[in-house]
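Okay, here we've got a single chain as structure tokens, the form predicted on its own, with questions on binding and movement later.
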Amino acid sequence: MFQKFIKLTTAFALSTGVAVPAYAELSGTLRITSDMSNPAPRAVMEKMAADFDAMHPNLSVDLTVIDREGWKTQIRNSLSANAPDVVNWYAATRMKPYVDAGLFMDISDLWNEPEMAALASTKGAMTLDGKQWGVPYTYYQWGVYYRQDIFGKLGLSEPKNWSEELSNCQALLDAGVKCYSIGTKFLWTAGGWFDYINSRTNGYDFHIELATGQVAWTDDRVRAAFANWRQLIDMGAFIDDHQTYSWQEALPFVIDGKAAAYLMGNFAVAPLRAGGLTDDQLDFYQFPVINSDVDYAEDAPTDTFHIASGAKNVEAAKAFLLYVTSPDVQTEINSGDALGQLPVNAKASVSDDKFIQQGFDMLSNNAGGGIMQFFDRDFPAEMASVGMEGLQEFMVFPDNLDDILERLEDARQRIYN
């Protein structure tokens, strides 16, 4: 599980000339613990560490790579005794236990550096108690992937608001096509639908307040979100028996034209293409506005770096965080032959894949409401589990809403207190 290389030599090619003037004379040892253990991410992490080492002749970078699932159970102990300087983790609520325990360092000063303005879309996701506790290095967009050829035949345009969404959906149903495919067998896909309808109804701040236990599930604003969702359910917008399908098993409905769209992460593009859809048939749009008083918030699960509160080489750790968030590095590590995801830095470049381009533009320029981390990351694990069960049940039995909300409220009072 543990693999280590002690001293990274300057024999590695330095791929970027990123300079960090404020930390030019780094020395000592920089200890990094990473959970980027799968082959492609591991290669990315090793190269970043090697390149940063090569930039600073008097600094030794000591990298430990731990299996991602293993790291979830080990991170607290690792941060508590002889902590490394820098660690991988996740944004928003997932970092809260380590912030509350005093194990992550407040790096608000770093976020005041001018270059960090290019990361503004994720600042909210890195903020707790008005302070910033880490930096993002990669994310990916969610949105509506749809059959533009079917839309074209029916004379439909991408919906910009809820009225247009419902009108499009009715036209599709009248033509014998379901509006959306979804597979809720493993629950989390229903969480994506709630994220979007709740945030479009009530806004990002409310979404986070609910996720952090500050709002009752029986609140009228929560009910308003479910009422909007029910409009689609009552129309018959979703494929039948979706609770029996995984997200992959629901893909053929879109491929075969039995459903026109799929609310999903960008990872759905590859299997849709593999199923035979061309980019002339498949397109993408941002989930439409429901309440014009709230700005767009987007699901974009974000992976992060943090400085341990027990870090011994804080200067080098801050320099490394500036390095990994710089445009050139974010461009390189998120390229198609590396992580294959989106750079967070708005000044970075992305591949010419149209969905990557559209997602980057959306998250960089049209996500002013904030970046959500997805239901099962924004909510504590136990609440997420109970919550997603309720969301799936609502999609199948919407008349059960009162009972579902009472159960979720009981769980909230138990879990957060």
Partner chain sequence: MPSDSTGSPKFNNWYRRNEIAITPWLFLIPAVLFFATYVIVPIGQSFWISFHMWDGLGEKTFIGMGNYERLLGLGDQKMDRKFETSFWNNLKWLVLYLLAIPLGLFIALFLNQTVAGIRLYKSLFFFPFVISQVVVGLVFSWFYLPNDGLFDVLMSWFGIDIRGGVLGNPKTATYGIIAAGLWPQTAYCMILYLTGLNSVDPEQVEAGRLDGAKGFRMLWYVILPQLRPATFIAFVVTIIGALRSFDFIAVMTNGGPFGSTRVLSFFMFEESLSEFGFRMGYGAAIAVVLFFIMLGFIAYFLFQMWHDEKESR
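Residue numbers count along the first chain shown, from 1. Keep in mind that this is a model prediction, so the values were computed, not measured.
From this point on, the text means the form predicted in complex with the partner chain, which you will not see here.
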Just one of 154-162, 126-134, 266-274, 92-100 has heavy atoms within 4.5 Å of the partner chain in the predicted bound form; which? 92-100
So which of 364, 33, 373, 392 reaches within 4.5 angstroms of the partner chain in the predicted bound form, heavy atom to heavy atom? 392
Candidate from 174, 220, 279, 241 lying within 4.5 Å of the partner chain in the predicted bound form - any heavy atom: 241
With the cut-off set at 4.5 Å between non-hydrogen atoms, does residue 382 touch the partner chain in the predicted bound form? yes
How about residue 194 - does it come within 4.5 Å of the partner chain in the predicted bound form, if we only consider non-hydrogen atoms? no
Might residue 347 be said to contact the partner chain in the predicted bound form, defining contact as any heavy atom within 4.5 Å? no
Does residue 396 make contact with the partner chain in the predicted bound form, using a 4.5 Å heavy atom cut-off? yes
At 4.5 Å by heavy atoms, is each residue in 40, 42 and 67 next to the partner chain in the predicted bound form? no
What residues in 291-330 sit within 4.5 Å of the partner chain in the predicted bound form, counting heavy atoms only? none
Closer or farther: how do the Cα atoms of residue 100 and residue 202 compare in the predicted bound form versus the shown form, where the change is at least 3 Å? farther
